[in-house]
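This text opens with one protein chain seen in two forms, each one given by itself as structure tokens under the names structure 1 and structure 2.
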Structure 1
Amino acid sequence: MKALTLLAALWLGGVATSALGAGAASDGQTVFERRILPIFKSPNPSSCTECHLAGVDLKNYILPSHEKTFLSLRDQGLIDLANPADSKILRFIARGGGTNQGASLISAKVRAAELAAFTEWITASARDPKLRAAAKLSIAEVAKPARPVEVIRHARTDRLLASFEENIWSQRFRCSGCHSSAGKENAKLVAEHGEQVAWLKDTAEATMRYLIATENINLKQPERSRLLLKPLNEIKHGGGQKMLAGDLTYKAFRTWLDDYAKTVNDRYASAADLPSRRPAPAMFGTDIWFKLNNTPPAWGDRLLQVTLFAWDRAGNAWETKPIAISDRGVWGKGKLWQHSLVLLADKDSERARLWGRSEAGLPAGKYLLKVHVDVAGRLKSAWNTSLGEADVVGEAVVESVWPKGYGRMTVVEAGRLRPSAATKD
């Protein structure tokens, strides 16, 4: 708002002087032709696109005719006849400039030009008594974005970033050892392969902007993005296979990539097309390792998921929501499965607060272990489905102090797993 008032004041000051010099202020029609039509005809995106990836652009509000553009804005409440310099459309334009990224330097210039043009045109036109009093346009004549407000909201960069935090940033511990400059392996790998190995930046926003600006995302075929194909080892990956299609990390990455591609390709026409938001728990990566020993041959190289449930002393039963989870392919040849655990907690819960403050860990004690195996390889093609009761291969009660470190795994013999009824007290 401050920026708007300042810019408007600067501009109005400028007009006052030039008007004095020229003898008369320009009328709305002339200003429209000189300053607004070029914006309408320009192939370049407007400053709105700094925050709105799709769904809305300044051009959406402009019509070829000066009068109709004014009435269309007036009828939508975007022009304030009593105080033209404070019109809502000017506020839309003046918004932004919050980030100091390279892209916003460009849009700052574009924005200043748009704001000056619209301010001059609106103040000039609002002086015209005929325009002020003209009858309302018919609804069909009003110029506005084609997409409904739900779609416009979904396509905002701050929403995209929130989804990135939830789906990709929350999984970064799977990749950070090698891909973040703070990771143990990173310096060595950067020296070997180059700077691009350090794609995990200090913040979610910097990482998202970096990935968007590089070749790691394929907007035409998001499922063919390098961000997926590398860890799947479908294209040779220096880190080997770090994901299986359909596993939890893949699902999260794919969810964000598909949505990002659909958003910028303007594929959402109505609110009903938007992805439904399911409340996801907060996730905490740990260095607690868990191993299943002597896995049967039928599980070889299949996706296996372990889920742990804590004991609820008050309710005298296992908790219904998992406290820890992990999934990965079974190493068929080695007859074992091992991976680090990810801890889960409801957002804003006591546990989430505790694990957010200090390093997350599992309290010593007994937990119910549930093991799912995708024996038929179903998730490979239907990545968006989950392992369910039909995929459970057994349960066991596991007691451990849950130490941290690859060398101090909690180990369970696969032969100890029993059908679920056996572990019910």
Structure 2
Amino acid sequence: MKALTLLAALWLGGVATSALGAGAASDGQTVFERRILPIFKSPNPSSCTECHLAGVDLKNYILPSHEKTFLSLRDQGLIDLANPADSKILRFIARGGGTNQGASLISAKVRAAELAAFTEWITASARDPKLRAAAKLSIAEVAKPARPVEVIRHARTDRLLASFEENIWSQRFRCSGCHSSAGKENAKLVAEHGEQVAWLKDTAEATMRYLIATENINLKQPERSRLLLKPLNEIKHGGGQKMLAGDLTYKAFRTWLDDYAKTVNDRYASAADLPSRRPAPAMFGTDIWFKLNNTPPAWGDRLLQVTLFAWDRAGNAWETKPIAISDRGVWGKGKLWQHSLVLLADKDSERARLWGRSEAGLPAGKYLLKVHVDVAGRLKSAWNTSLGEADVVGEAVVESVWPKGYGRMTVVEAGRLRPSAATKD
């Protein structure tokens, strides 16, 4: 209703301006008072929130004064005096189409009304030779958002989606069997528990929209989000415990959730506050299963990570970057660890392009296996740290054709592991 009130004010302002006649309509001051000030005075968010989660609103660029608002926009390069209709501020308003579910009340009609108001006002004001020639405002007089441009850019919904794709969508293979409509167990689970089971949608954007719109994210305590608590089995999960605090999927989910909560709550005040972006490899989920048999008691119920390195024939050595990885808790009672492998490749590499075009798989051959175990349970409290050389419990050369399917997993006896060169005394 409030959004419609603002729309009505902008529309009526346009009608009133037109009714004044051609001479009055060309007066930037008149247009400003009738069409721009209602935006400035409105308590409602502007169309900026369609593409920005926080940090910026259209009214941040408006001052009570017609002249100073024009000069402020001009001095920031947001008004094109040579071609006013192509001014940058107009392109920003017109862009729209963001993925911000929270901005659903901002309709296309409101954005169109804002665009029409600013277009008319800028066009009229740009004809005023005094405004065009006026001296620049002081830095203190310029109207702009309080947050720096780096923070504003970080809060864009396209950046949010890119982070979601990297951190959550890339991990979907751990959940797709039950929570995607294409999963083998999904139809049965939906019939038993309802449509909310199928939270993995056909695309990353649709999935993100669904999670934001439902009760899966806790903005006050992101670490208590349902998206984390269910696979941790802290909230009863039909599939049992699917992740441990500090494992690869937990890290990825938590990274996105923490950042999303801080962004929406406008917690980033400066560029230095923003999370550092670490270069991450492309990830490819597979149905290649790997098993460690007869694990020792000390590993029981601890997080175990396996890492595979391919043989570099040209360099006659093991590759320095892993080609596959996986982690999960050891089943202490059964003395075993098993999970499907995730393949890794540098983004834009030939290997990544190959796996992106077809179903990813490991070529038959020998690989160096390194096994890390969080014996002390360190990652449970320090989730954003990684297992390092101190956590390596052994390594072995493994040769396999790497078949796909749970019933055809590659099995290695834990007793085959030997101390790695890096951990030998």
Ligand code: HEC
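Model, not experiment: these values are computed from the prediction. Please note that residue numbering is based on structure 1, beginning with 1 at the start of its sequence. Take the two forms, superpose them, and find the largest set of C-alpha atoms that agree within 1.5 Å; that set is the rigid core.
Participant: Please identify the form predicted together with the ligand: structure 1 or structure 2?
Facilitator: Pick structure 1 here.
Participant: After a rigid core superposition, would you say the CA of residue 334 moves by 2 angstroms or more between structures 1 and 2, or not?
Facilitator: Where the cores coincide, residue 334 shows only a C-alpha shift between structures 1 and 2 that is less than 2 Å.
Participant: For residue 297, does the CA position differ by 2 Å or more between structures 1 and 2 when the superposition is done on the rigid core?
Facilitator: It does not reach a 2 Å shift.
Participant: Tell me, please, whether between structures 1 and 2 the C-alpha of residue 371 is shifted by 2 Å or more, with the rigid core used for superposition.
Facilitator: The answer is no; the displacement is under 2 Å.
Participant: How many Å does the Cα of residue 42 travel between structures 1 and 2 when the structures are matched on their rigid core?
Facilitator: Once the two forms are fitted on their core, the shift reads 2.7 Å.
Participant: With both forms put on the same core, how far apart in Å are the CA positions of residue 132 between structures 1 and 2?
Facilitator: Residue shift at the C-alpha: 5.8 Å.
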